[in-house]
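In structure tokens, the next block holds one chain alone, the form predicted on its own.
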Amino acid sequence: MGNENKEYYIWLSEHNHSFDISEAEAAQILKDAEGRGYKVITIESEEYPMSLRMIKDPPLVLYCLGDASLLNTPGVPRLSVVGTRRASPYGRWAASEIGKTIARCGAIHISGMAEGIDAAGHRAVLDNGGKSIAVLGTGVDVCFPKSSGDIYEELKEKGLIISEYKPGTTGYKSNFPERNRIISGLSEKCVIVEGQKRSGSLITANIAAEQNKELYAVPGNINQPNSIGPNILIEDGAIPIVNPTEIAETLGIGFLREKITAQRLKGLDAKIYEIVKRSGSIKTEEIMSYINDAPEKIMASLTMLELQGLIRNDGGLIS
């Protein structure tokens, strides 16, 4: 066993609270990791996410299947979206809208791949070309639940699946509350969509609060059991998500959407956008004086930029 293997063995055998392991088994895990395409990251590795180092009881080993670079994304917010497995149509819709917004803004979505709210969020992110991380309560090679098989396969190719449990670990009931600290630990912001007063999503919310994460909740009908959790969180100070057209602004990730859109601008649109951003605010007539182009083209470009939410036109004053 080489030095690198011995490093992993030490952590796997002596420090990981979740299982005991022999040197032979550690060597086999590392051999399988290379052959099956997953990565093993210890807490001493440079690839280990700093956000997890800061939490109480950080996982000492992470098994990663997919794009492990998503664990370290400077300047890109990571948001967890969690909720009940027994989601209502309203809850699934809300999780989908939030996931869609996260994807279109270029932020990173995190959840647990469970049925209901988790699955709806993952699916929306993947369908909109975004990046998503699933934190499992099983080994990374065990798809649980089976109903999320399509999401599991897509995340292997387009996102990331992680676990602190060794490959082959099945879904012990105690694993799922434990993994919630990783979901919130990786996140800067945590969104609770639906959940009863004593539920896994409320456990995640409480952990997120202890970790000083920004907490959001989707308000619900007061006569529905799954609305009790989010409504209590809002009463206790969580930020409510109340307007579907302003999710990005509520979550504080609208700036990412503007940045991505601006990077795609070309020609006249790019010139005008640069002038407005450099000036802070500027009159339409001044823009026309800077650009040698037909007024109707400039006006059309200003309209398109406003429709994309990149500028604001207040009676001819552009900002």
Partner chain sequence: MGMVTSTILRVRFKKEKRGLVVYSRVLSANLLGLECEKVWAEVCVENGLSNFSIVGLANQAIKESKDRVRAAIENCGFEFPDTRITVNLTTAWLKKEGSHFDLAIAIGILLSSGMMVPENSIEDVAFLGELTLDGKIEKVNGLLPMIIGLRRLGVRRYVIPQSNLAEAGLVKDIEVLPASHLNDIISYIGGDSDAEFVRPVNSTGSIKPCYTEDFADIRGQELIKRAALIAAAGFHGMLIIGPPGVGKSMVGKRIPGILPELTYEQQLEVTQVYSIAGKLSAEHPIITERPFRSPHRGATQVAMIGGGKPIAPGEVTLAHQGVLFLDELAEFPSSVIESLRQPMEDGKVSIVRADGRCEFPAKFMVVAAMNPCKCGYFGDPEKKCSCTQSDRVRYLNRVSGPLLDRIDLHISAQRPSYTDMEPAEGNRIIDSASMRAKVIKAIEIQKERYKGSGIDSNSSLNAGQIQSYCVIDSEGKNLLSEAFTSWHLSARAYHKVIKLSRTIADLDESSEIKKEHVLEALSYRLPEKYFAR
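These numbers were taken from a predicted model, which means no experiment stands behind them. Positions refer to the first chain, counted from 1.
The same protein also has a form predicted together with its partner chain, omitted here; what follows describes it.
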So if I measure heavy atom distances to its partner chain in the predicted complex, which of the stretches 281-289, 250-258, 47-55, 65-73 falls within 4.5 Å?
281-289
Under a 4.5 angstroms heavy atom criterion, identify the one residue in 104, 78, 85, 92 near its partner chain in the predicted complex.
104
Taking its partner chain as it sits in the predicted complex, is residue 313 near enough to touch it, meaning that at least one heavy atom pair lies within 4.5 angstroms?
yes
If we define contact as a non-hydrogen atom of the residue within 4.5 angstroms of the partner, is residue 25 a contact of its partner chain in the predicted complex?
no
Can residue 293 be called a contact residue for its partner chain in the predicted complex at 4.5 Å between heavy atoms?
yes
Those residues of 303-319 with a non-hydrogen atom no more than 4.5 Å from its partner chain in the predicted complex are 303, 304, 306, 307, 313, 314, 315, 316, 317
Per the comparison in the predicted complex, the residue 77 and residue 279 C-alpha atoms (change 3 Å or more) are positioned farther
